[in-house]
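Below, in structure tokens: the form predicted alone, a single chain.
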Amino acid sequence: MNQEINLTLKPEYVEKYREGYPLLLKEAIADWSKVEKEGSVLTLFDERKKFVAKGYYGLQNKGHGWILSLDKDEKIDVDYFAKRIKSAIEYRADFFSDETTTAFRVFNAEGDGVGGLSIDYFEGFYLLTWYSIGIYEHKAEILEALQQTTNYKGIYQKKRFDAKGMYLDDADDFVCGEHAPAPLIVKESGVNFAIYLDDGAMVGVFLDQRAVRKAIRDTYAKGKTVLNTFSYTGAFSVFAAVGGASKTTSVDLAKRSLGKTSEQFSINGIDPEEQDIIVEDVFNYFNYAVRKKFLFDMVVLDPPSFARSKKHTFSASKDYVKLLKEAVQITNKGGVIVASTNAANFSMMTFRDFIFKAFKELKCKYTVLESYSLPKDFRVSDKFQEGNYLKVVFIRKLN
């Protein structure tokens, strides 16, 4: 049982939390020194000792914890987590009945009421991702709640916090049930993905880009040459090829991207030898492509929000305009750039300003074709729009 601590909110923050703001900010608490152990359940009161909310202490880059309930009498126990997981699954009932898609998010942190925790579904297997020691301290209750509310083949976990030697008895990603095959083949919009539930921090596909991949396949790829930068395991390239692209080129700095991308093509009946898969720093490749006067009909830009190689450091908030300018120069007239970012520290409006600035500096005209944010299964809290981090814009280059 995690310790419960009573805390006092500073007056200027009381209404913010009464209205449902979920992120617990250090500066909102008057007597934070009373809190020591991550995972502690916190009961927040105003200065008149009137109840405001319950939450937990867990350090993330966003804040110091999350609000869990506005009900004074609600206990943070197995029943609490089971109720929220059950509600989350009901919200996604249409995903469970879709035979063409067997990989999706089941529980999206504060969007489903518990910040710091996500749960993904992969063909009968569930993957818990813990984003702080604080939420991980509630693992026993959450695991029991998940077991109560689902018919699972197996359960896995990823710890996205610095354990610093803690939990050494729990180093394996496998938690319980059956072990998943490696690879586990899942479907997305009828396309196969090979994923690995027990192979490092990532499984092999980012589920939040589902609608974008489908649009590329169904609307934009046919007969086109496609450059996929920061390609990871080549998911955009595979969808482009399935959609009839004449040729795909995938570029990523990680050496393992070659084998992983080849595998994704192969399990979809596409010969990887007929596609270009290049292990190279994307920025070096842009320079090479400009020198060689390469032009593509579609360029996909989906960089990490921050990345560092031997020669380059990339920050989406500082460097996306430069990245876009590189892409514009190797895009055919009438071609499409798929500009994407998962950076949460700026808005879609700011992202569109980046696009405007890049094209203006190159004296090039463009039109926006469509844009995307997080799909339905990546549920976002109405009170925390910062959680809607994904920004994708399809841009047509006009000259």
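All of these numbers come straight from a predicted model, not from anything done at the bench. Residue positions are given as counts along the sequence shown, with the first one as 1.
Heads up, the form predicted together with a small molecule isn't pictured, but that's what we're talking about next.
A.B. asks: Just one stretch in 98-106, 139-147, 232-240, 217-225 has heavy atoms within 4.5 Å of the small molecule in the model of the complex, so which one is it?
C.D. replies: This holds for exactly one stretch, 232-240.
A.B. asks: The small molecule isn't shown here, but in the model of the complex which of 319, 198, 123, 280 has a heavy atom within 4.5 Å of it?
C.D. replies: Spelling it out, the residue with a heavy atom inside the cut-off is 280.
A.B. asks: Only one of 253, 186, 328, 76 has a non-hydrogen atom within 4.5 angstroms of the small molecule in the model of the complex; which is it?
C.D. replies: Contact with the small molecule in the model of the complex is made by 253 alone.
A.B. asks: Is there a non-hydrogen atom of residue 307 within 4.5 angstroms of a non-hydrogen atom of the small molecule in the model of the complex?
C.D. replies: It does: once the small molecule is placed as it appears in the model of the complex, residue 307 has a heavy atom within 4.5 Å of it.
A.B. asks: Residue-level question: is residue 288 within 4.5 Å of the small molecule in the model of the complex, judged on heavy atoms?
C.D. replies: Although the small molecule is absent here, residue 288 would stay clear of it in the model of the complex, with no heavy atoms inside 4.5 Å.
A.B. asks: I'd like to know whether residue 302 contacts the small molecule in the model of the complex, with contact meaning heavy atoms within 4.5 angstroms.
C.D. replies: Residue 302: yes, in contact with the small molecule in the model of the complex.
A.B. asks: Even though the partner isn't displayed, in the model of the complex is residue 206 close enough to the small molecule, meaning a heavy atom within 4.5 Å?
C.D. replies: Residue-level check for residue 206: yes, a contact with the small molecule.
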